[in-house]
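Just one chain is shown here, as structure tokens, and it is the form predicted alone.
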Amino acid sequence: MSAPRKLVIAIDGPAGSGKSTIAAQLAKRLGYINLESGAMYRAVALKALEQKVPLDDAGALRALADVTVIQLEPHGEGNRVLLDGRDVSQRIRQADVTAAASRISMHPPVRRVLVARQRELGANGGVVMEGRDIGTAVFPNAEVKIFLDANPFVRAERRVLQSGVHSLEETQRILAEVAARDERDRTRSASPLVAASDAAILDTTHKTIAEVVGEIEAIVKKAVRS
């Protein structure tokens, strides 16, 4: 009996919808590779900040991305992220890098460099890839496409919990940050955040991670049989 074929699973959605955690757990359950596109943009953003490359200089950022080595290694419930051989897994999650990554991801030349790498990594299937344009731009022919969403306030609350700081000021800052990120992602000219026409749309507002992973796993099993 032949082994089940390996699929490309694309998971898209806005910040705080649960993409990273859900993709990591799903990949682990399926024995797939977890390709975290956001980590790749964050890594380039961190390098740009460190080298003082202007975040509005698309050409300089593309050149930087061209010579940047990014490795994603499975680790625990997510990925260990190496930037030119250096572990930046924690650093790229900090607020300044998050904001910078959102800005550089708006530049088409930067996206072209990273999308080409993402396609290479997923060429043989057996991958769960999450981001904001995976099912529409990176892998438009993915066998399984999922779009996760949730109430904006719930998404912001999740970000607050992740930050570990629960002051009113921090909560207000993160609410504003999530709203601004949504606006940038949905209105950018290069691959805006939008659900693919053939994506299964799942609202995670009132669901646990385990429930969402289970729903997607059922969709994957159906796709494998088809």
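Note that residue numbering begins at 1 and tracks the sequence as displayed. Quantities reported herein were computed from a predicted structural model and do not represent experimental measurements.
As for the form predicted together with 2'-deoxycytidine-5'-monophosphate (DC), it is not shown, yet the points below apply to it.
**Student:** Consider the chain as shown here, without its partner, and state which of R119, R112, R93, H75 has a heavy atom within 4.5 Å of 2'-deoxycytidine-5'-monophosphate (DC) in the predicted bound form.
**Tutor:** Looking at R119, R112, R93, H75 one by one, just R93 meets the 4.5 Å heavy-atom criterion.
**Student:** Looking at R158, K47, R62, R181, which is the one with a non-hydrogen atom within 4.5 Å of 2'-deoxycytidine-5'-monophosphate (DC) in the predicted bound form?
**Tutor:** So the residue touching 2'-deoxycytidine-5'-monophosphate (DC) in the predicted bound form, by this definition, is R181.
**Student:** Given a 4.5 Å cut-off on heavy atoms, tell me which of 25-33, 195-203, 38-46, 62-70 is the interface stretch with 2'-deoxycytidine-5'-monophosphate (DC) in the predicted bound form.
**Tutor:** Among the listed stretches, the partner-contacting one is 38-46.
**Student:** With the cut-off set at 4.5 Å between non-hydrogen atoms, does S89 touch 2'-deoxycytidine-5'-monophosphate (DC) in the predicted bound form?
**Tutor:** Residue-level check for S89: no, no contact with 2'-deoxycytidine-5'-monophosphate (DC).
**Student:** Within a 4.5 Å heavy atom cut-off, is A150 in contact with 2'-deoxycytidine-5'-monophosphate (DC) in the predicted bound form?
**Tutor:** The answer is no: A150 has no heavy atom within 4.5 Å of 2'-deoxycytidine-5'-monophosphate (DC).
**Student:** Going by a heavy atom distance of 4.5 Å, is I134 a contact of 2'-deoxycytidine-5'-monophosphate (DC) in the predicted bound form?
**Tutor:** Answer yes; at least one heavy atom of I134 falls within 4.5 Å of 2'-deoxycytidine-5'-monophosphate (DC) in the predicted bound form.
**Student:** Is there a heavy atom of S102 no more than 4.5 Å from a heavy atom of 2'-deoxycytidine-5'-monophosphate (DC) in the predicted bound form?
**Tutor:** Yes.
**Student:** Looking at 2'-deoxycytidine-5'-monophosphate (DC) in the predicted bound form, which residues in 181-220 have at least one heavy atom within 4.5 Å of it?
**Tutor:** Those in contact are R181, D185, R188.
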